Structure formats: structure tokens, C-alpha cells
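Before any questions on binding or motion, here is one chain by itself as C-alpha cells, the form predicted alone.
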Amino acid sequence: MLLSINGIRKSFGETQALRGIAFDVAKGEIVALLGPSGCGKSTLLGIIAGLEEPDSGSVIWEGGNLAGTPPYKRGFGLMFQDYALFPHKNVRENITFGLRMARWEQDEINQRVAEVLDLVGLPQFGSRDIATLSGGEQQRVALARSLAPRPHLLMLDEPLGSLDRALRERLLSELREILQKTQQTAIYVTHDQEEAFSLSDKVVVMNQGRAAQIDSPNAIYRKPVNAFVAGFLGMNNIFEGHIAGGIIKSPIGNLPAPKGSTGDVTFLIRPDTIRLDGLGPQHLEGVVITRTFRGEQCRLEMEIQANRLSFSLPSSETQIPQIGELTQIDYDPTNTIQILSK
């Protein structure tokens, strides 16, 4: 394994920022650290970069412990949300700054600057002043500067957070293409699940300094392990219930229980697996409280036995009920009801 994070702990006074987090990063892999503000993402990134020392645990790179290794000797690259570009230098000067500090030869610098500007789609921008660039262009320059020294590991801390949604989505696709093309190993910090899922090969969902779930984006979305992960992904139909005789007794009625589950449970009703055609093997009935158009999806909120549940349907669905309408939704319990860990 290229990078191993082993039981990292870090406290600031009485605040425990990291509580024994551990995961691995393979060569060429893009790993996203996903979680809410204050969960420890940026602190962990600082420890990997060598900007902070852990209280305990280790950062292992190619089998060697990086404890005591200063940031400049790690060969890692960093890219932040504010880009940290030098406003008094042009594009080329911003990119060459790190290469000159590393004492590259001038011919090597010229060749590398041309390579990275072409890579980020700005081949003719070398002489442009930073102040004349758009936010998206500045982001590309910052990426080119980070990639120029050929870092062993590229770490990106909310790099798209200040961009508007349309530009962010376009640059996300381009960023993944660039990282894959260069086979760049990367760690990407974000609080946005769409960014994490779109960009990464593996996601570390963080909560209060711990790894709540580590898996592929598809696996995490299809089967969140606990109520925190499900809720963070926007799946809020979470209830307590008791299973006996193959039935979940719950606040929204008696439901078929997944095989092998008994006793007190926390369970999720997935919002994205319902149907309105009357063909599902099971159904729930309730009144539509709100309906919200969200592009390709329409979000329904329904009151079912005095509990509010949210569901998503394709906006092309012709049978979407009106507000106030008593509605039956159909579902297959095998992919709609999921038992969560405590």
C-alpha cells in the first residue's frame, strides 16, 4: 500500500479532533474525505502533509514512517479553496515558483510549465495576470501549480467550494479526468457528497474524528452503515423498531423485516426506490405535504401515521400526486428497508 493512516489521534485542548482514524490509499487512487464541518478532515490533511503532528498513530508512506519528516521533504502537493496564487505574478511565474525553489533547470521548467498548462486547458495563458482570470481559470492555474513538481501525493482541501454550481460540476469532471490521465494519487477533502462521489474511487465518511464508513461511492450510497451516514447523504427516513416473527413494529406501521434481523433495530426507508404504479409487493399510504422540483428528480414529503417521510421520483413520472392528496406508494422491501448499525 502506498499510504497508510494508522490510528491517528489529535486533540486541541479538550477538543478531540481525530479519534483513531485509519485507512489506506493505493497508488493512483483518488480518496475523498467526506464529512460535515468540524469532523477533522482538514486536521487530518494537515497531519498527512506534515503541517501538524499527531498525538498518536502514524502516517506510513511506502512502508516508512513519516514522523518528524518536514513538509518540504515529503514531496506532497497541496491545493486549497482560496488557491493562494500570487497576485503580483503572472500565470507562468505562479507555476514556476515551486520549481525554482526545488532548483529545477530552466529547460526543465519551460517544458513542465508547457505540459501542465496544456493539461489544464490553458496553453496560451502563461503571460496572463492573475487578476484578469475568472474563478474557474484561477482554479486551473492553482491545479497546474500543484501538479508541476510531480507530487507523490496531491491533497486538495475544498478546492471548488467558492465556485458556482455549474462551474463546479464542469470542473469536477475535468479534475477527475486530469487526475486519472496523470495517474495522480490524491486525497480530496469536501463536505459535498456529490463532489466526493463524482471524483473519488474511495470515500472515507468522517464523523467527529472517526471514519464512519469507508467504501466505494456506489457501495456507500447503496448501503449506508448507520444513521449518521444515511442522514448525511440526505436519507432521513430513519426509525426505531422491533422485529419479531419477521415483522418490524414501527411508528409507520408493521413492515416486512429483512431476513436474519431480530430485536430492537434502527432502520432506513430508502427515499429512491418507491413506485406509484400499484405494482410493488408492499405499500404505504399517506398525505402529500410538499412536492419540490429538483431537475431530474421530484421530492415528495408525505405524512404517514403522523410521521414525515421524504421520497424521490423521476420528474418525468406522470402520476406525481398533488399537495394534500392521499397517496399510496409501493415498494419492494428487499431494496427499500435497510437495517442500520447503532
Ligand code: ADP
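Counting begins at 1, following the sequence as shown. Values in this document were obtained by computation on a predicted structure and should not be read as measured data.
Below, we turn to the form predicted in complex with the named molecule, even though it does not appear here.
- Residue 42 belongs to the set of residues with a heavy atom inside 4.5 Å of the named molecule in the predicted complex.
- Interface residue remark: residue 15 is counted as part of the site for the named molecule in the predicted complex, having a heavy atom within 4.5 Å.
- Put simply, residue 38 is close to the named molecule in the predicted complex: some heavy atom of it is within 4.5 Å.
- Residues with any non-hydrogen atom within 4.5 angstroms of the named molecule in the predicted complex fall in just one of 42-50, 22-30, 274-282, 293-301: 42-50.
- Within 4.5 angstroms of the named molecule in the predicted complex, the stretch 184-218 places no non-hydrogen atom at all.
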